[in-house]
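Have a look below at one chain only, the form predicted alone, in structure tokens format.
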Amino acid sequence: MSGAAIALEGVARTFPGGAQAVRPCALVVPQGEILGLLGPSGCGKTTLLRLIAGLERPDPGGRVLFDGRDVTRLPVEARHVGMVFQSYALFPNMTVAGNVGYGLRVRGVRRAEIAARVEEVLALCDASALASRRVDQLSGGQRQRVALARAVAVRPRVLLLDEPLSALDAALRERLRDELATLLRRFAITAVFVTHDQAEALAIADRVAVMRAGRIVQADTPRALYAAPADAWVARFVGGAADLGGVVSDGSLLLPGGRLPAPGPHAPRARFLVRPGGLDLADRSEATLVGAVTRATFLGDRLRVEIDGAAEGALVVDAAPDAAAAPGARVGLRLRPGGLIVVPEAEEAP
């Protein structure tokens, strides 16, 4: 299969009454890329997906292009996109093969070709054994594979997925996250998917566009997004970073509970943050920060420890599950290599 390159030029969407769901944005999705649209509820990511699909029309002046061709005025059925919804929207009165072949039948494809195409995509989705089953006999993971097979059976130019894992329970969602990433790469098609789950976006996408209040605030590879967030909001949203506050003096960040190394140069008004994995609990004699434990939550593979007094705000540290960190205890902290995140002071208002 092959996909179309997508380009958005000045695309915005304002609803009747003046609410602007998507603010003017530019975005390019190269052919074959898997792009994740990540952001909190109400940030405009599903509206942006619908603008790509043709289910919404952008404000005047905005353009949607597939392979350089302006499709802004084309209806959804003329754009040749495949869609997978949160509920999967499978037909319960049909078999798996019937569901997968439905889009081909309504397009008037010959019966023999439908059978061959259904067999091909079910094999791609590791779902050949399900062909004769009814939808109500399928597990959540099997329904996901069938929904994907149906979407790609029509050989769309672009595959669009709206929260494809949100209907699943937490354990199944984590397992199917990797399976979805494998399947999307097997299709070798341009895909855009919406999610509010940062782990899902980082695990599946080639590139992630983070949205806030209708704007794309950063679009980058998962590694680059995590390592170099554009501002403090992105750092907090992707990875749960905490603001340290403090003042830089002689290569150190001075904090209420001690100091951290902050070798420069830094912008005069830079902000310093750290994620839960950026600090280690340490013996107080070897620590560079000291604070008081306010809460310790056992999560199986780690102990999540909340600490006050070390920085200007509360810190969260992911420690070993058997770490000694009882509420009320004073503990030492040491920065891990690369644990400090530095962003500009300015943060774009929503």
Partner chain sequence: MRAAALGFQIAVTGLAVAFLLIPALMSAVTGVTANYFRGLSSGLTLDWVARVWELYASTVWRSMRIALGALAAALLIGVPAAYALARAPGRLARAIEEFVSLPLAVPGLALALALLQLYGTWRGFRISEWFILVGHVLYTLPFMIRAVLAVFAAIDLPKLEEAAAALGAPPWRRFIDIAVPNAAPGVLAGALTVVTLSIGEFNLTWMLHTPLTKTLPVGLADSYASMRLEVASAYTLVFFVMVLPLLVAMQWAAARAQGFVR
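Computed from a prediction, not measured in an experiment: that's the story for all the values here. Basically, rigid core = biggest C-alpha set you can superpose within 1.5 Å across the two forms. Numbering follows the first chain given and starts at 1.
The protein also exists as the form predicted together with its partner chain; that form is not presented, and the subsequent description refers to it.
Enquirer: Quick one: Arg145, Leu161 and Arg185 and its partner chain in the predicted bound form, is every residue within 4.5 Å by at least one heavy atom?
Expert: Per the other structure, none of Arg145, Leu161 and Arg185 touch its partner chain.
Enquirer: Given that the partner is absent here, state which listed stretch (96-104, 208-216, 234-242, 121-129) has heavy atoms within 4.5 Å of its partner chain in the predicted bound form.
Expert: Within 4.5 Å of the partner lies stretch 96-104.
Enquirer: So, Pro263 and its partner chain: in the predicted bound form, are they within 4.5 Å at any heavy atom pair?
Expert: Contact check for Pro263: no, nothing within 4.5 Å of its partner chain in the predicted bound form.
Enquirer: Just to confirm, Ala112 within 4.5 Å of its partner chain in the predicted bound form by heavy atoms?
Expert: No - in the predicted bound form, heavy atoms of Ala112 and its partner chain never come within 4.5 Å of each other.
Enquirer: Can any non-hydrogen atom of Ala325 be found within 4.5 angstroms of its partner chain in the predicted bound form?
Expert: No.
Enquirer: Is there a heavy atom of Met83 lying 4.5 Å or less from a heavy atom of its partner chain in the predicted bound form?
Expert: Yes, Met83 sits close enough to its partner chain in the predicted bound form that at least one of its heavy atoms falls within 4.5 Å.
Enquirer: Check each of Glu77, Asp178, Asp250, Asp169 and return the one that places a heavy atom within 4.5 angstroms of its partner chain in the predicted bound form.
Expert: Checked against the cut-off, the match is Glu77.
Enquirer: Which of these residues, Leu273, Val71, Leu165, Leu90, gets a heavy atom within 4.5 Å of its partner chain in the predicted bound form?
Expert: Only one listed residue qualifies here, and that residue is Leu90.
Enquirer: Core-aligned, is the CA shift for Leu279 between the shown form and the other one 2 angstroms or more?
Expert: The answer is no; the displacement is under 2 Å.
Enquirer: Aligning on the core only, does the CA of Pro92 end up 2 angstroms or more away between the shown form and the other one?
Expert: Yes, the C-alpha position differs by at least 2 Å between the shown form and the other one.
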